[in-house]
Structure formats: structure tokens, C-alpha cells
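Below you will find one chain, with nothing else, as C-alpha cells; this is the form predicted alone, and questions on how it binds or moves follow later.
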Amino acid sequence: MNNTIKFLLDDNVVEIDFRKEKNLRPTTTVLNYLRSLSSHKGVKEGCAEGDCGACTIVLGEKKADRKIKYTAVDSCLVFLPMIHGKQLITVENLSQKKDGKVILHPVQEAMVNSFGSQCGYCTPGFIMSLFALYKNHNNPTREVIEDSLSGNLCRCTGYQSILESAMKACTKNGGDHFTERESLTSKILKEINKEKTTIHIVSGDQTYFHPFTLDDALMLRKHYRNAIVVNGATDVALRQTKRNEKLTEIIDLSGVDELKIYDEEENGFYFGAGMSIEKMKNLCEKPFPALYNILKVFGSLQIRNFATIGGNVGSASPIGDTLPVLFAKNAKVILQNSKNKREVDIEDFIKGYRKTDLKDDELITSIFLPKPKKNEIIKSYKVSKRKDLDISTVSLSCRLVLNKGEVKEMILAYGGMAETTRRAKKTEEYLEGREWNRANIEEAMKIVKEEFAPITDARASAEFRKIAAGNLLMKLFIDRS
């Protein structure tokens, strides 16, 4: 039994043996671990649910070319075993001391010079988001900067001074003291990651598995059918941090590279279930712009860097951002156990409120998206209280095929209007075969309002949802006129 994880912090390999560490559990978040160290108090807890960015850290991962990939994440949502084999970077690691003087990192210096901090509580999180931006983008556009900072909240300065900090700092091609050590860091991480034996942690009443191969993951699923399966854990972690649930058995798939594949075939694309939402977003920009547009407003960059497409589909949330688009595209979910593999249409996969067709010995291994046809139109819309970092109130994704001004084929998939993502089939039937004009759309709006019986909750009233559902249909018509 391997109870030990290893990662790089402060340029030293840290080894945690959960048999010896009585104050740490496998579901201890990286945030709480860092707060337990006297030398890493810069990371802050603001919300403990990935909304404020005060706990932002950067993870370094080895790339094939001896380079390091730098990724900003919310440490309040990351369990300790998930950083095995990675470099953990906090705000304390950015500055240097030379000849008794503190030399600030370029992003820190820019924040000082642009007066980007007042009370300072949120500042370390902003600095770490800026650091990841600095390492990944040179002379970024304002749009890229805003996206990188959308997961960080500040109540003091406003954001203009922080945006100016980013513009001033990110002009050096990411060069800094981390660049000087990249080759050595890559070598150390490679050595840690050579061992591919499943990490099996038993701590008190918790059992935590961290496999590295799909075969091992499927075998674990076969024998531990009641275990909670996580990958990014951006949803499951909230059960612990916000609801104080005790998660007793966990299979963590974040180390299984086979679940992060991307494969193009003649008829479509396979996206591995463990692929991050951010990577999927970038891959979809040209072939699937409707999905790209939805993923652009999926949480924040920190969330997208860790959340996975398999997790979003598997949660079967009625307001899940990806599901309406997948419905519109007739996507398929690839399911696998230790013996067999099967494909299920996305509509058949979702069985009810947070219920799916996934068997207790299966894992979601990939999502298949058919290639867009030349004559089909795919559009997606999301209504929420704010543009960034918000859950859908109502969403609509549609597939439209017109033939000489008439509706030949139509799919209208709504989120937030029922206990699951659901198609407006009566409205589809009304429009199919009719002319694509305003009069018919206005009549279809009446039908769609009566087709659903949405609930009233904190996000919106049932009546608002009905009106929004109809208005999104009109927006589709205006966009295509």
C-alpha cells in the first residue's frame, strides 16, 4: 500500500506519508495544507467554493520538452493527492532575496507601481493569476487579461489598476527565475512521476485511490462500486467544504493521462473524459464555435483549468453548461468497465435529476462529438445574473437545418427549464416544415412557454424562465435573419 505523495514546493521535494501525518487526510485541500505551514500564509480563504480567487495558486507540470506548464487553480477545491508529481507555487515563491534585498517578481512590481492593492486580502490571489498569465502570454490582449482575472474578486481598488498591472508586466516572454530553473524542475518532476503504482491512502475512515492507468482505474471501479469518482473535483469538493460531508471512499482519476486524449476521426472528435474544460474550450474554437462560446463563460479560468468534461456530463445537472450543446450536437457518451465498452446517446444517458445511465462498475472515458455538417447551424445562449463565474438561469442550444427558407431539422435543447436538460419537442415539431419567419417564431414562443414547468428558486422565478426561454428562441431567429 502506497500512502505517500510527493510534490515540489520551495524548490524542495515534499513527501507526505498519510500514515504518519495525523493532521492531514487525503481530502485535505491544498489551501488548508498551505495555511498549516508557517511560511505560506499568503494564500487566503475567502469563499471555499472557487468563487473569489483569494486562494489561487499555480501548479507547474512537466511538459515533453523539459519545459513547465504553469496553471492557475483554486486551492480550496484541490485535494492534496491531486498535486502529486507537480510543482506547487505560492505568492511567497515569486520574490527573491539578493544581497539582503528583496527583488519583486515583475507582476508584483507592476501591482505596486499601478497601485493595484488596498486592503491586500485578495492581492496574493491576483498576483498568482497574473503570474500564470505572465508565464503563458506575452503582450496579452485586454480580453485575455480579463479572462485570466475573472475568477478573482476585489472590493477595494476596482479592476482598472490591476488590468494595467497585467499590461505592464506581461512583456518579457515569461522570463524570470523560474525560467532559469525549468530544466532542473522538469528533471525532478520526471523522477517523481516515474512511479506508476496506484497511490492507495488509508487515513482513519477514509480510503483514497489515485491510479495512473485506465486499467487500474477500471479495476478499482469494479471492486469499489460505492466510491465517489472525481477528476477535477470542482463539484465534489464542495460537498466537503460547504456541506461538511465526510467522503469515505474516493477514486481520483486526475492522474490517468489516457482519459485526457483528443482524437479526430472521419465522422467526429473524441474528447477524453479527463480533459480540462479549458483545453476543450481551446480545441473547440474553430470546429465547434457554439460550444466554445459556452465554455468561455464556464466558471473562471481557475475552475476551467481543473474541471473536466466527464465530470460536467456525469453530474447530470439541469443547469450544466455543456449538456444543452451536447444535446444539440447529438453527442455520445463512451462508457467502459473492466471488460466492455459501450456508446450511449447523450439524451439516453441523462435519466433524471443528477441521474445517469452509468453502471456502478463503469467510468465515463470520453465524449464523441459528430463533425458539423455544412448546412447545419449550431447556436448556444446562456442567461445568468452576471457574465463571468455564474451558473445558468436558463440556457438554450439549438441545431437548425434550413432548406429554401423552411425548417428541415431542428433541435432545441434547454437547460434550467426542467429537472434535466430537455428538448422542446412540441416546439420543434411545430417549426419543422414551416417557413423560417418571425410570425412562426412568435407562435413557437407561445408553445415553448407552455412546454415546460420550471421551478422558482434563488436564481429566477418560473415565469421569468418561461419568458427567457421564448426570448432565446427569438434571439436565435434574429441571429439567423
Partner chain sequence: MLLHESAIKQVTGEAVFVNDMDISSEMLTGHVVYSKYAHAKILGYDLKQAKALSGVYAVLSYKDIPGENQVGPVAKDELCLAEDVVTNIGQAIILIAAKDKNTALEAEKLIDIKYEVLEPILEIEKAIEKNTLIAPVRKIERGNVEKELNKSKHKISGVLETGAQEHWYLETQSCLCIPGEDRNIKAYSSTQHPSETQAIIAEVLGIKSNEVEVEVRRLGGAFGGKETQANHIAAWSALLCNATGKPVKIHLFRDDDQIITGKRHRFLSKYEAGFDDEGKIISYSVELNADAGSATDLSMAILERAMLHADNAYYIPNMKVIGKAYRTNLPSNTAFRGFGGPQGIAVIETVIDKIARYLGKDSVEIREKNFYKKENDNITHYGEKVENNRLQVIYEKILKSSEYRKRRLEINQFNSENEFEKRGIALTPVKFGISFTTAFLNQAGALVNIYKDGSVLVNHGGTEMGQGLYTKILRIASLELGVSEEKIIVNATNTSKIPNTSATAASSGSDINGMAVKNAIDILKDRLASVALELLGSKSQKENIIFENDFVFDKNKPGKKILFKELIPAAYLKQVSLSSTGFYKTPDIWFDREKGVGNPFHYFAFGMAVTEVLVDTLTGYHKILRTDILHDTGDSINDEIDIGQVVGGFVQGVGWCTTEEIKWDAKGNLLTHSPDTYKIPTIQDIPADFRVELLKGYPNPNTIRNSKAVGEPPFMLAFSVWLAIKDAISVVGNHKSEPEFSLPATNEVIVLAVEKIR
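Just so you know, these numbers come straight off a predicted model, no measurement behind them. Residue numbers count along the first chain shown, from 1.
The same protein has a further form, the form predicted together with the partner chain, not shown here; the description that follows concerns it.
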query	finding
One residue of Leu163, Ile228, Met219, Leu358 in contact with the partner chain, assessed in the model of the complex (non-hydrogen atom, 4.5 angstroms)	Leu163
Proximity to the partner chain in the model of the complex, single hit among Glu146, Glu376, Glu347, Glu406 (heavy atom within 4.5 Å)	Glu146
The partner chain in the model of the complex reached by all of Lys63, Asn173 and Ile199, non-hydrogen atom within 4.5 Å	no
Which of 268 to 276, 73 to 81, 178 to 186, 123 to 131 sits within 4.5 Å of the partner chain in the model of the complex, heavy atom basis	123 to 131
4.5 angstroms heavy atom contact with the partner chain in the model of the complex for Glu92	yes
Contact test in the model of the complex: Leu472 vs the partner chain, heavy atoms, 4.5 Å	yes
Non-hydrogen atom contact Gly158 with the partner chain in the model of the complex at 4.5 angstroms	yes
Close approach of Thr241 to the partner chain in the model of the complex, 4.5 Å, heavy atom	yes
Any residue of 31 to 49 that, in the model of the complex, places a heavy atom within 4.5 Å of the partner chain	Arg35, Lys41, Gly42, Lys44, Glu45, Gly46, Cys47, Ala48, Glu49
